[in-house]
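Shown below, as structure tokens, is a lone chain in the form predicted on its own; questions about how it binds or moves come after it.
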Amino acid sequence: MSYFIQMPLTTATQPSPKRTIHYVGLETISAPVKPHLADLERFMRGQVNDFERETRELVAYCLKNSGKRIRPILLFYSGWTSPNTISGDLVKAAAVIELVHLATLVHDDILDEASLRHNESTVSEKFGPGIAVLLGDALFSQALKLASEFPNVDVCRSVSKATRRVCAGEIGQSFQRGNTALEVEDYYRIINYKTAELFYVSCHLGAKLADYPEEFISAVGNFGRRLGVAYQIFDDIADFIGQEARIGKTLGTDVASGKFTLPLILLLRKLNKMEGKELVRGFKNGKPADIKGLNRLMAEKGIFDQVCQCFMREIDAAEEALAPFGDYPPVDHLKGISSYVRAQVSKFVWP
């Protein structure tokens, strides 16, 4: 079986029919693991003193705004057996994943020259890109140090492999900057590594640490991977039509830094030869992107609806992976997370 799955792309340009979406906040969905998220918060803040005094202020700054914590929530629910039975090992594993995630964000913001993250200045904006590089490395190191403290090598092996793949995804994307001929298959490979890998390992480790059967661990890992792909597609849509105040980070950085994400890749497929050359010429000349103009063009060509269909296929595939295990305790909780992610893009495409 191929590790990467490329979904067929629709050529329809007509908008999908409006559908009824029930918007449930992440806070509501994550309520059952709220005490465990609080344990994670305490554990993470307790890590600050493990760092050398030169880096403590920087680490504390990174931890100040925790974001959605969607990866720890996935890990907790994947390891869910019954209420109030989440172990200290799961909390520690969640901290490992979150430290890796924070490190990738610190490095991403350097590459994208982003100034805003979680409605605060990014580390590179506040302290400089050189300091941010070193801080990201320190966060990675602390994550692997914690992973090495588990009684067997499973956590350390899984997290090390995931970290390597996340870096590979970012390197691949960096090499492809400005490549107007980037294929959809290449895009999916990049996001499988840079985003979906941590979703996968969160779900995989949660179920494994809870001693679930191998077939369920595999299914949950597949759920996490497909959910992670969908989440990145949503992020790529939001980079065009989101609102910075609402999303909480700098938008438009993909276009500005020459990243060709799914909306742009599909747009180039739809343009005639002259239109495509004009758009490509602008990118190659370093011309500032007209985001509003691109949005209008994408709307005219049906791009947002096409991208959204790709997103929905990934969400559907994630939920289908869990279908044979409906009586397992984690499943309803995990489907709640997929419903939350599904609703995010629906707000943009089906207002």
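Since the structure is predicted, the reported quantities are computational estimates derived from the model, not experimental observations. Residues carry their position along the shown sequence, with the first being 1.
The discussion below concerns the form predicted in complex with a further copy of the same chain, not included here.
Is it true that E52, G130 and Q142 each have at least one non-hydrogen atom within 4.5 Å of a further copy of the same chain in the predicted bound form?
Every residue of the candidate spot has a heavy atom within 4.5 Å of a further copy of the same chain in the predicted bound form.
For the chain seen here without its partner, which of 122-130, 212-220, 231-239, 199-207 has a heavy atom within 4.5 Å of a further copy of the same chain in the predicted bound form?
Only one stretch qualifies here: 122-130.
How about R189 - does it come within 4.5 Å of a further copy of the same chain in the predicted bound form, if we only consider non-hydrogen atoms?
So R189 counts as contacting a further copy of the same chain.
Can any non-hydrogen atom of L279 be found within 4.5 angstroms of a further copy of the same chain in the predicted bound form?
Heavy-atom contact with a further copy of the same chain at 4.5 Å: absent for L279.
Is S82 part of the interface with a further copy of the same chain in the predicted bound form - any heavy atom within 4.5 Å?
Answer no; every heavy atom of S82 is more than 4.5 Å from a further copy of the same chain in the predicted bound form.
Within a 4.5 Å heavy atom cut-off, is G172 in contact with a further copy of the same chain in the predicted bound form?
Because a heavy atom of G172 falls inside 4.5 Å of a further copy of the same chain in the predicted bound form, the answer is yes.
Given that a further copy of the same chain is left out here, which of H101, K270, R165, R117 has a heavy atom within 4.5 Å of it in the predicted bound form?
Going through each option in turn, the one that passes is R165.
Can you pick the one in R71, H107, R226, K194 that has a heavy atom within 4.5 Å of a further copy of the same chain in the predicted bound form?
Exactly one residue meets the criterion: H107.
Could you list the residues in 111-139 that come within 4.5 Å of a further copy of the same chain in the predicted bound form, counting only heavy atoms and keeping sequence order?
Counting only heavy atoms within 4.5 Å of a further copy of the same chain in the predicted bound form, the contacting residues of 111-139 are L111, F127, G130, I131, V133, L134, L135, D137, A138.
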